[in-house]
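Only one chain comes next, encoded as structure tokens, the form predicted on its own.
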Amino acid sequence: MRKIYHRIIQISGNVITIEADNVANGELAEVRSERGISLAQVIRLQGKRVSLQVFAGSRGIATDSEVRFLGRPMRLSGSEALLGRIFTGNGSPRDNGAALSDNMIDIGGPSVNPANRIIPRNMIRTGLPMIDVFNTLVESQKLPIFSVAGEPYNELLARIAMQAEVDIIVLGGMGLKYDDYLFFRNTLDAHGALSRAVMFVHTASDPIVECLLVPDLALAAAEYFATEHNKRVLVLLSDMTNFCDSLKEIAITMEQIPSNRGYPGDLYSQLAARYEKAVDFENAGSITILAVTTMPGDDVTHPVPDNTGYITEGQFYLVNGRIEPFGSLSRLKQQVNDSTRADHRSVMDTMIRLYAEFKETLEKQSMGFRMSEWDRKLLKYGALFETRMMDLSVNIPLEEALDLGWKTLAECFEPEDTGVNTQTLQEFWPKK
């Protein structure tokens, strides 16, 4: 039997403070007030002073309200019944389905011992040429999608969820507009992907503390399927900047000394604790993480993308509705490019080099320089490259994308123009 406390010594915003013994950080509590029972979570310990974030807000809570600690952190049902379900940021059903209570597991556990990790070596096919051909996604990789407000990053995540060759999709939404939540739900349902997906959705109108729980809930579900069922799990998170803003808001409420731009000093550790859950388990499945990070003011030096870049293994830049080839990088693509098809590296290097020359030609054209025959070839090539490779609506297998790359090169250049070695040209250059 857990002790019940009847004296709240401070109420600040949605944070209440009491004096209690034998309480752990992250532990849950029930707060009983005139409006009923509210769930709260311990977010700070200072001696006997315990601060709790009340999920539903502190309105109606008085200094004599009852607080009863549950002796456990937030838990999630570890069962296959999660598939096809949609939950809130506190793990409650959002889809009007039944609550799950079988095999409850703690969330927010430690990352995996490196001794039990396998070196990343398997490609995850997405059907998007800008990923599969040029910046391959590798199983157990952790990659952010850097973007700005207004870009179709949620549409990109939905396409990856529908097309990625993985066993399970776990989607975590943080601070989503209700329209974005409906878009994810309806899109996955219409394309038959919801049956292999689990969604944890925090909308902008939900309690702030639930936003902080979404990544931990999503990763706990991913760990369950990867370890207990040997599944390849892809975790999609949007938007980690909203997660960090929630950290910032709670830190301000707690009157913590702020760091860069008001964010808490442990921002790096908070992000790393989530991203480092990406792993290929020995003798089990894997967890791969793709997480949207919006950059306020398109500023990559903002604390959230800046800290993220030190943790992750590259990034995708989403600019003007396309994955930008120059800012994007998958640091693990070398692990798999040599085992896909013999011409993969040649197509990737040649097409990007020629696209860079196309960009230079565009600048010359905008300044009124006369276009040479080579410039006209580059202009034709650049237009075809953007339509056939960069458009996010393109959905083709890697092999077709590589063949389309050779076709595009052949339509614009002679073989000797490309700089590709003779042996590769003889094997892969399209025959007239």
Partner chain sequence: MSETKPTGKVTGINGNMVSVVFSQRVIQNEVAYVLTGDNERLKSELIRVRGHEADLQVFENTSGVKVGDPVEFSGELLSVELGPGLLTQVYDGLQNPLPELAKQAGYFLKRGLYVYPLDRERKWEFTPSAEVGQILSAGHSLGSVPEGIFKHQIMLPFAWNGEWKLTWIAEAGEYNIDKVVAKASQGGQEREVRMVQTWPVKIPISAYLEKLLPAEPLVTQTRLIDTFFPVAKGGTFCTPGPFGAGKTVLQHSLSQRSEVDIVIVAACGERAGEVVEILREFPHLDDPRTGRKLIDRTIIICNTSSMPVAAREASIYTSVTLAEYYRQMGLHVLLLADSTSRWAQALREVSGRLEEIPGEEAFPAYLESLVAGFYERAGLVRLPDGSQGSITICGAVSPAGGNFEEPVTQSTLKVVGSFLALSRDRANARRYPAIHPLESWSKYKSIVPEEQLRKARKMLREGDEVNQMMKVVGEEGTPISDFVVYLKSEFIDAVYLQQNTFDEVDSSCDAERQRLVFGKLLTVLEKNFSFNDKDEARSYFQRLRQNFIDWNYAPWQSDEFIKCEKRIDQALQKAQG
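Owing to the predicted nature of the structure, the values given are computational and were not obtained by experimental measurement. Between two forms, the rigid core is defined as the largest C-alpha subset superposing within 1.5 Å. Residue numbers count along the first chain shown, from 1.
There is another form of this protein, the form predicted together with its partner chain, and it is not shown here; the text below is about that form.
Using heavy atoms and a 4.5 Å cut-off, decide whether L83, F358 and V394 all contact its partner chain in the predicted bound form.
Verified in the predicted bound form; spot residues all out of contact, no.
Partner-facing stretch of 258-266, 162-170, 210-218, 183-191, counted where any non-hydrogen atom is within 4.5 angstroms of its partner chain in the predicted bound form:
Among the candidates, contact is made by 258-266.
Determine whether any heavy atom of T63 comes within 4.5 Å of a heavy atom of its partner chain in the predicted bound form, and answer yes or no.
Looking in the predicted bound form, residue contacts with its partner chain do not include T63, since no heavy atom lies within 4.5 Å.
Heavy atom of S366 within 4.5 Å of its partner chain in the predicted bound form
Outside the cut-off, so no.
Contact test in the predicted bound form: E34 vs its partner chain, heavy atoms, 4.5 Å
The answer is no: E34 has no heavy atom within 4.5 Å of its partner chain.
So, R68 and its partner chain: in the predicted bound form, are they within 4.5 Å at any heavy atom pair?
Taking the distances in the predicted bound form, the answer for R68 is no, it never comes within 4.5 Å of its partner chain.
Considering non-hydrogen atoms and a 4.5 Å limit, which listed residue (D245, E155, D343, E313) is close to its partner chain in the predicted bound form?
Looking at D245, E155, D343, E313 one by one, just E313 meets the 4.5 Å heavy-atom criterion.
Residue (of N116, N122, S339, N103) lying close to its partner chain in the predicted bound form, criterion heavy atoms within 4.5 Å:
Of the candidates N116, N122, S339, N103, N116 is the one lying within 4.5 Å of its partner chain in the predicted bound form.
Heavy atom contacts to its partner chain in the predicted bound form at 4.5 Å, residues of 368-390 in sequence order
F369, R370, S372, E373, W374, D375, in sequence order.
Do you see a C-alpha shift of 2 Å or more at S346 between this form and the one not shown, with the core held fixed?
Yes, shifts by 2 Å or more.
Can we say the CA of G84 moves by at least 2 Å between this form and the one not shown when the core is superposed?
Comparing the forms between this form and the one not shown, which are aligned on their rigid core, G84 does not shift its C-alpha by 2 Å or more.
Aligned on the rigid core, do the two forms place the Cα of T17 2 Å or more apart, comparing between this form and the one not shown?
Shift at T17: below 2 Å after core fit.
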